[in-house]
Ligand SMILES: NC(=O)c1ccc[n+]([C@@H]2O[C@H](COP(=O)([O-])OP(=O)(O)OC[C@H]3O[C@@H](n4cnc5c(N)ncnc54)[C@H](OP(=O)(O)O)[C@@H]3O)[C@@H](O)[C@H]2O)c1
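Given as structure tokens, the chain that follows is alone and in the form predicted alone.
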Amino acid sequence: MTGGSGGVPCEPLVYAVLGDPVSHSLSPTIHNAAFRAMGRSAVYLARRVTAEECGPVLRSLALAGGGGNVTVPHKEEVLPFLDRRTEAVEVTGACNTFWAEEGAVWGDNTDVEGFRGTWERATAGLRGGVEVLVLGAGGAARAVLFALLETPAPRRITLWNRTEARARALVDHFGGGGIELLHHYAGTAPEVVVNATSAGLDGRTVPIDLSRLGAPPRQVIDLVYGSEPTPLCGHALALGAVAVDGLEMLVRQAEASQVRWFGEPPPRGVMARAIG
């Protein structure tokens, strides 16, 4: 699959991350580093768009030969603007990567691939199946749950969201099998907590109070990232848990996005070094 791997154009092909907010995004940094390393005539931008603007902008970028990514809160809303969807999009009901082939706009969900790699590395030291608590019910949570349902590692997957109706709808979306909806997270004792909400982007908010769990988690995976440890990671570390933020997943899903656009990944490590 490729959205812009032809001859060198007169003007750079434009790729962008579409969302609201996007000013914090490191996607332009890592993608432009990959473009330079590969000698591509392309530029990657961050564009803040409303829900109404996102779909039309997505199609315009893709059909002009570029592509990009979709972030919160538009990953579900852009589906009607896609002509073709990969299995990951069909199953999760969310899209984070787009491009065009032969006049058709494609959408994929490379968050699934990105989280799977992060999960496997982060939980490599945990023996046997683990209980995991997933926080959130948006596009990121959909990718996390799809990845977890495909891996044999968790023995129990639980889901909690501030708005229970949205969490219930997400459980129903996956057919209910393998995912348990929690009415209250307090008193539960998951070994791993995954934050798939946007809480923490402001540098202050935590999605849950980890001290209200029945026991501190052994591992926290926060999909949020920043220049400092996220509020949830800081909270986890204070309780003695191992914590990783979303930078690794950001790089993994971005590398997968470039494969969709150009048919090959960027040089190994070039994206990670750009933010390291």
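Bear in mind that the values here come from a model prediction, so they are computed numbers and not experimental data. Quick note: we count residues from 1 along the sequence shown, nothing fancier.
One more form of this protein should be noted, the form predicted in complex with the ligand, which is absent from this view; the next part is about it.
Trainee: Can you pick the stretch from 229-237, 30-38, 59-67, 244-252 whose heavy atoms fall within 4.5 Å of the ligand in the model of the complex?
Mentor: This holds for exactly one stretch, 244-252.
Trainee: Find out whether any non-hydrogen atom of H173 is located within 4.5 angstroms of the ligand in the model of the complex, and reply yes or no.
Mentor: Taking the distances in the model of the complex, the answer for H173 is no, it never comes within 4.5 Å of the ligand.
Trainee: L223 versus the ligand, in the model of the complex: is there a non-hydrogen atom within 4.5 Å?
Mentor: Judged by the heavy-atom cut-off of 4.5 Å, L223 is in contact with the ligand in the model of the complex.
Trainee: Is S198 near the ligand? Define near as a heavy atom within 4.5 Å, in the model of the complex.
Mentor: The answer is yes: S198 has a heavy atom within 4.5 Å of the ligand.
Trainee: My question is simply whether L149 lines the interface with the ligand in the model of the complex - judged by any non-hydrogen atom within 4.5 Å.
Mentor: It does not: once the ligand is placed as it appears in the model of the complex, L149 has no heavy atom within 4.5 Å of it.
Trainee: Which residue, L79, L181, V72, L126, has a heavy atom that falls within 4.5 Å of the ligand in the model of the complex?
Mentor: Contact check passes for V72.
Trainee: May I ask you to list the residues of 108-141 that have any heavy atom within 4.5 angstroms of the ligand in the model of the complex, in sequence order?
Mentor: Contacts from 108-141: D111, G136, A137, G138, G139, A140, A141.
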